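The chain that follows stands alone, in the form predicted alone, written as structure tokens.
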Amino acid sequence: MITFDFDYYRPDTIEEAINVYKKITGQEKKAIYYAGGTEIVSMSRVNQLSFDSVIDIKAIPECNVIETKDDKLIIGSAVCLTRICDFGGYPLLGAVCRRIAEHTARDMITLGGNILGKIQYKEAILPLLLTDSKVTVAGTAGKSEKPIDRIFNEKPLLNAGELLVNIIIDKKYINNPYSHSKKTKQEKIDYPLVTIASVKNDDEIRIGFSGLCVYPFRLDIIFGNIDNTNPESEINNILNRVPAPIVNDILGSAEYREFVTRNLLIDLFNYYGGMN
């Protein structure tokens, strides 16, 4: 139960949503955009989040689209993970989303919410980082298209009042060879010790990590440069490039996470035909 009162708005257009946000904040009140609401509701119930108004974006067509157009796949920020899995238009993204939470929660968790929420894992962003995806952002100055690392780089980077409208993925990457592995402490459905997603693009392997550090990140390697005679050295080279300390928490120690990651990377290279 949420113990405080708030106003609810459900705009039909991007422009209406931005104007409502501007009006509310102009009254020195706090407004937040709302789609799936899983995090907003759970945090509000324990008084970790408060606001005066929510602006529900689910009625905005651009935020709910999931379609291929020309050479792009476009997914709205309010599209839930279940729809992405069922759509099947991007197999790697579907595989990653299918391991996030359980089915009932995936019916509510949205792609935009997973990317911009407070939870550190943000697994759904990995296939987007690997494919140099772009995003459409709307604000008081209008709409603009940006690389995804302009709205997330270690943490969400949207300015106050900006709305993540949709994500744009270049179709040339969608059918590339890919892999996905997720290791949890006990249950199949849980936060990850480590999640690794990868795509092979020509002679390059792009690898995305979640759970290893406090934010998801991407590392690239040249497949032809892998030394099959010294796999330990190759794994060390990758781990030396990890951009932040390895997480040590109740799910697993830093040493155990590193052990799991080493084994997953060996499996990954073998999958693509190296380190045999």
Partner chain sequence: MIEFHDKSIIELYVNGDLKTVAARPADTLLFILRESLGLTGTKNSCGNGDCNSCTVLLDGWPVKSCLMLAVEAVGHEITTIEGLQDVPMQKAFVEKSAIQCGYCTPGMIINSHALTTIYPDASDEIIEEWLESNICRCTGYKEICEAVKSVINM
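Numbering follows the first chain given and starts at 1. Predicted model, so just to flag it, every value in this text is computed and none were measured.
Another form exists, predicted in complex with its partner chain; not displayed. Remarks below refer to it.
Check your understanding: Is Lys118 close enough to its partner chain in the model of the complex to count, meaning some heavy atom within 4.5 Å?
Key -> No, no contact at 4.5 Å.
Point to revise | Distance check, Pro231 to its partner chain in the model of the complex, heavy atom within 4.5 Å | key: Pro231 lies outside the contact set for its partner chain.
**Study point:** Ser42, heavy atom within 4.5 angstroms of its partner chain in the model of the complex
**Key:** Ser42: contacts its partner chain in the model of the complex.
Exercise for review: Classify Asn153 as contacting or not contacting its partner chain in the model of the complex by the rule of any non-hydrogen atom within 4.5 angstroms, answering yes or no.
Suggested key: It does not: once its partner chain is placed as it appears in the model of the complex, Asn153 has no heavy atom within 4.5 Å of it.
Review point. Which of these residues, Glu145, Glu102, Asp203, Asp170, gets a heavy atom within 4.5 Å of its partner chain in the model of the complex?
Key: Of the listed residues, the single hit is Glu102.
**Study point:** Output flag, Asp12, Glu16 and Asp107 jointly within 4.5 Å of its partner chain in the model of the complex, heavy atom basis
**Key:** Contact check passed for all of Asp12, Glu16 and Asp107.
Check your understanding: Tell me which of 206-214, 50-58, 65-73, 236-244 has residues with heavy atoms within 4.5 angstroms of its partner chain in the model of the complex?
Key -> It is the stretch 50-58.
Review point. What are the residues of 18-38, in order along the chain, with a heavy atom within 4.5 Å of its partner chain in the model of the complex?
Key: Residues within 4.5 Å: Val20, Tyr34, Ala35, Gly36, Gly37, Thr38.
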